[in-house]
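The data below hold one chain only, encoded as structure tokens and taken in the form predicted on its own.
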């Protein structure tokens, strides 16, 4: 497909738009903005021609979030917005399990993942067959899976949860069940068990999966940063270790972190999670000061503007997400249970 070339006036207008969106606040200089503007202009034009929508996770590159995304958010928000999308094509700027979730909720739409290697260490820590084996070992227990899982894992579970709604949903399940299975995030499971006063093994069966980003954070640096930045509010994702969660000011999902920043005045904030959230925070809250403490997710950062444009123009077969219908139906049932229990 031939893409129209932007005029000098088009590029200048696009640079101005990117500046207004906040890319300059994220450290992008004028030369880089001009280079990016040529790509974002073409992609946004292609979206209209292809009747496509681009959801982007908050860990994506700033030029994707601010330059081409139609909506952004954490896994829960993207799940809901993808279900409401009216476009015929979804080009998902995230990782594979997110694109699969979009396909599960939108079977009639073409869902494309621009980088086929954009997986997830946590999602890849368990398979649907392993879930079924776990359920055979613990018959009768409700199986709850974190949304960071593949379609076949969701299909083998009763309900999906996100970091934002996991506690609420587990509380409701414990009203009827004395024991349940939570997978695959071991650290999140430990944090939930502590918060809900449940004993691991007796009341909560957990898996041993971990996120390659969040498992690397520890507590050694906390006291030093509190000394260097008096009054700093330290926020950590619930995929971090319980020992870290115990010493920070707040632990929650990515959306929860932004709500905390909005409602809790502080001289400094530190977001202990993937670096993309910090980049977005600096553009979203230009009057607030953020102390860097993050790790890059190699899977999220596998997607760039060039790959998005090529996928829009001529997607390869391996970029088109397919979920077998029997798996899709079961996985959707688990996702629908999430929406019902989290309402």
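The structure displayed is predicted, hence computed values, not measured ones. Residue numbers count along the first chain shown, from 1.
Although not depicted, the form predicted together with a small molecule is the subject of the following passage.
Look at 99 to 107, 261 to 269, 217 to 225, 71 to 79: in the model of the complex, residues with non-hydrogen atoms within 4.5 angstroms of the small molecule sit in 71 to 79. Taking the partner from elsewhere, residue 253 is found to have a heavy atom lying within 4.5 Å of the small molecule in the model of the complex.
Among heavy atoms of residue 239, some come within 4.5 Å of the small molecule in the model of the complex. In the model of the complex, the small molecule stays beyond 4.5 Å of every heavy atom belonging to residue 41. Residue 146 belongs to the set of residues with a heavy atom inside 4.5 Å of the small molecule in the model of the complex.
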